[in-house]
Every structure is written in structure tokens, then in C-alpha cells.
Ligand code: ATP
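What follows is one chain in C-alpha cells, specifically the form predicted on its own.
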Amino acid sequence: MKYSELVMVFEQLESTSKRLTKTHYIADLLKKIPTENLPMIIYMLQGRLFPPTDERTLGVADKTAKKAIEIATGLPEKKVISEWKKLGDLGKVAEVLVKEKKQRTLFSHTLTVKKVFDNLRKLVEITGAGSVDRKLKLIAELLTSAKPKEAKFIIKTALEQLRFGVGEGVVRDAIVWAYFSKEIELKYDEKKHDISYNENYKKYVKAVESTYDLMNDYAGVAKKAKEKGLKGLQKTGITLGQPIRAMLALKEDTVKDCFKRVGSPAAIEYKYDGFRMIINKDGSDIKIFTRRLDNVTKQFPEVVKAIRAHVSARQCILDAEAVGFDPKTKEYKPFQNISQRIKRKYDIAMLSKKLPVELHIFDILFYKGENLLEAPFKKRRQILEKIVSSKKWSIQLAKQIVTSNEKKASEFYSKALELGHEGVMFKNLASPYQPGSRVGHMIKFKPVMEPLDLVIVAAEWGTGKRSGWLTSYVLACLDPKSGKFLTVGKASTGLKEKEEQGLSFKAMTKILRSLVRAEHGRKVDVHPQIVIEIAFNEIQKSPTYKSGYALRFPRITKIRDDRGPNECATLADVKRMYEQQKK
């Protein structure tokens, strides 16, 4: 497949903000391409080159991309920098300068999707002495043969800045449209941007979504849908050792509302302020995955040791929370205290002693070769009670009571708070486990209006004693319908001026610098990657911010290393909290 054909779709996606139109363009593409090209196309449409579970990044700096443009076009550095300052986007710079140069001397070779994909993937493998020059050669080779538009998207992909608002929902629906259009009697009106379909639509969407929840890779889902159809999707099972997305809870504000939502009697468990882990055990082989599907097994050796020693099942998949505690005082610590362990590659043994965690297990998804996702929660808990032997400050089952009594539930909740936990969880005893879903049969009950997890989309350089740091951060929530991040406020408090005091302006500046995509005087726009937890006094309606709402007195409480940008608070969450606040 020619790369220019894919670029045409990229341009179509760039030209619209309409979700249905994006879905239509992608579905049309998926219908045409051979199966062997599916993974490459699916990944690149999402702005990546690897599956979501693959932690590798290309590691191409702006400086490297700039140099590759110089080499490919033969233009001086001054010219490239001048265009960069004017356009603020190296992809656009590549487009303009390749076009200018091609008019004179460059001879265009035909690029294929595979050539672009392979060259860029090789960047990850290049390390050691001379690695920068070898990376330059691979990128420049592509640019030398690229047409102007191709050059633009090659650079954006290399810098991992290729984004079209193509979220998981768009890819899911495009797979349904592409491979099951006859079964659902799909009709798309391009002029009205509208679709019609029959009653089978939800069934096919659910099949694709459920398969993704187990595979966590839409490339594999698309291949299965194309080759094996609906039956193939429905036969997808759990693969031990492959990450599964965690089930998420909704929130209620009273004990009565919690019972009303999940039913009575209900299982009520402590809600721990820790780090979510999905743990795969296959004999002595243990793998620990985060909510974001990152493999953090090496970072938590004490958890691996505890699972081997205190979980008798030979094969299982467990859902748990790792809670930090002070090894001297034996007091539980909030999530922020252990968050630094998530991405740590060095001094792991030292940190596991300095910042240890106690594992609290509350669910099981797989046991003795059996998929337990459809099994009732009561049965899943009984299995846990049989296979887990608790050891204080190492591994325990989540503390639980089963009751219909509101007074007992309130007393249990108060005890949880007294011990330093966040609150409690209410669970329906007959409910299944639904990976990746925010479900109504599992409810969290906390004492205060919960903070919001928001994404930083812009920042401003500080002045005075804070000069040299990015100190004011523009916050945004996610609109799932458009895939866009909508601003909801600006926070400049909560961080420290001295690193030893906690999360500092200096540390945040270092994180954000690598994500800057444009500069406007003192203000910089950054790629929406960093999720932070924001506490606030209230939510107000506001014409100033794109969400239509503004946070009053927002303050940063912590970085959510365990969450990706697509897991931040949605516009619906902000609206719901605004309405609750009015009540």
C-alpha cells in the first residue's frame, strides 16, 4: 500500500471534527486494505507504532527531527529554524521546505506504508554510540523520498505528535462499519453527517468492545473481525499474561443511594488510596500491570514475593490495590507517596524497603483455566477466600462486610476513614466483572466531593523567584464525543518551590518541557499527556473556558502516573458534579 493513500486519509481526518465522519473515513480505509496491513494502519491512525500494552517510545527529539529536515532538503539550519519559529510545528516545516526543495532538485521515490512503518520502528532499536546519526539517517531517508504532505506526517509520527481525535470509540465503530455493514444495514449520509442501522448494531459494537477489553489491541480485534466474523469475536477468551483493563466504579453521595444503585444486601469493602494492579500468576511467573496496561513487575518485587508465597492458585488473574505504608510507624500513606515507584528503573530494592506497599486483593478474573468475568461477584470472592492467605503489611483480602443495614454500612464506612482509607465500595453480589467499563453495580462512597483528574494542555513561565519554571497550568477535561480536551480552569498552587518538600515546579517543568508543541510568548501549548489530580472549592459556569465551566480555587494534589489522558474526567463528570453541588 502506498503511503500517499494513507496520507489522504490523514488529511481527511484533519479536515473534520465530526466523529461520524472520522468513523466513515476510517471504515472505508479498513475495507480496502489487506489483512497484513491492518496492524500498521490501526496503530498509525492512533498516532502510534506499537500496541497500547507496549511501553516502547521512539525517543526522537525536536532537535533530531530538525536536523533530519536539514539533511533531506539540503537547506541551512537558519532557514529551518526560521520556518519553525514562524509555524511552530516541525511537521508543517517539513511540508513547506520539502515542497520548496522538490521544485528544484529532489527526485521523488514512492514510499509504502510498510517502508515508513519499518523505518520509524527501527528508531527504538538504535542505542549506544552513534545512535543519533543512525536515527537521523532513517528519518532523512524517508523525507528525501517523501512528497510534502508525506513529509509532514512522517515528522509528526516520528515525534509521536500525530493526533486526529481518533479515540478508542471511533476505532471500535469503524471496525463495526467496515466488517459488519451488511449485518447492521448501515447507511451513512455524508451530507447530513448522519447514519441509520438496524437493531443488531449494539450487539456488534458490544462484541468488538468486549474483544478489545480482553486483547487491549484494536489491531488484533480488527484482524479477528475481518477473518472470523462475529463468532470469532465472541469466542475470544482471556490470555494469561496479557493485560486486561480494570473495571471502574461510579460514585454516589449517600449510603442510601449506594444501596439503591447496587441492590441489597450488598458487599461493602474498604476503598484504599493506593495503586491499582491487575496481577497475572502462571506458576512462579508473575506479571503486574497498571490501569494503563504498563508492566510494572520489576518495580514491585515485594508484591511478586507476596503473590508467590500467599496465593495458592497455580494460575489466576487478580485485581488489587497496592497501598503504601510507613515501615516505622505502620501508618498507611496516600497514593502520592508511592507514585514515584511506578516508573523507577533504579534503586528498586532500596525503594521497596523505604516505600513498601501492602497488597489488598478484592477480585479475581481467571482461575484454573476458567474465565470468571461472567461469574457473580459472590462466587469470585469465595474463590479469593479459598486461595489467599493473608499476612499483615504484605498481602490481604480487602476488608468486607455483607449487609442490608444502612447503620452497619455507615459504621463500616466510618471505620475505614478512621484507619486512613478513602472510603468504601458497594458491590452487587450477583454482578459480573466488566473490563474497562465504569459500571453501576460497583459504587464508591467517599466523604467529600471527589477531586477531578484533569490533563495539562498549556502552561505559563513564572516570573520573579519562579522564573525559569512553568508555574501556571491550564487544565482540561475530555469530551469523548469529539475526542477533544476542553479547558476547565487554571491551577498554580499545590506544587513546592523546593524539591525536597514534594512535587515541585522544577520537576513539573522538566516533565512538561518535552511535551511543548508551540510557544506564544510566556505561554506554551503542551501535548495532553500529563494527568493531575485537582482539588477545588466549587464549579462555576463560565464562558471563558471551552468546557463551559470553571473550577474555583483549583489546587494540584498529585500527578496521576497511573492514568492516561483518556482516563481523565469527562465533560459529563464536570456537569454531574456541578449539578450535585447545586443540590
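As the structure is a prediction and not an experimental result, all values here were calculated from the model. Only the largest set of C-alpha atoms that superpose within 1.5 Å between the two forms is called the rigid core. The first residue of the sequence shown is number 1, and the count goes up from there.
Separately, the form predicted in complex with adenosine-5'-triphosphate (ATP) exists; it is not shown, and the next lines address it.
Thinking of R292, R344 and I532 as one candidate spot, does adenosine-5'-triphosphate (ATP) come within 4.5 Å of a heavy atom in every one of them in the predicted complex? Contact check failed for every one of R292, R344 and I532.
I288: touches adenosine-5'-triphosphate (ATP) in the predicted complex, heavy atom cutoff 4.5 angstroms = Contact with adenosine-5'-triphosphate (ATP), no.
Partner contact for I155 in the predicted complex: adenosine-5'-triphosphate (ATP), 4.5 angstroms, heavy atom:
No, I155 sits far enough from adenosine-5'-triphosphate (ATP) in the predicted complex that none of its heavy atoms falls within 4.5 Å.
| query | Does F505 reach adenosine-5'-triphosphate (ATP) in the predicted complex, with heavy atoms at most 4.5 Å apart? | reply | No, no contact at 4.5 Å.
Quick check on Y473: any heavy atom within 4.5 Å of adenosine-5'-triphosphate (ATP) in the predicted complex? No.
| Just one of R276, R245, K149, K101 has a heavy atom within 4.5 Å of adenosine-5'-triphosphate (ATP) in the predicted complex. Which one? | None of the other options qualify; the answer is R276.
Select from the listed residues F180, F117, Y270, Y367 the one whose heavy atoms reach within 4.5 Å of adenosine-5'-triphosphate (ATP) in the predicted complex. Checking each option against adenosine-5'-triphosphate (ATP) in the predicted complex, the one that comes within 4.5 Å is Y270.
Which one, 280-288, 421-429, 164-172, 90-98, holds residues whose non-hydrogen atoms are within 4.5 Å of adenosine-5'-triphosphate (ATP) in the predicted complex?
Only one stretch passes the 4.5 Å heavy-atom test: 421-429.
Of 515-547, which residues get within 4.5 Å of adenosine-5'-triphosphate (ATP) in the predicted complex if you count heavy atoms? Nothing in this stretch is in contact.
(message) For V531, does the CA position differ by 2 Å or more between this form and the one not shown when the superposition is done on the rigid core?
(response) Shift at V531: 2 Å or more after core fit.
E567 C-alpha moves between this form and the one not shown by 2 Å or more, core aligned: Yes, the C-alpha position differs by at least 2 Å between this form and the one not shown.
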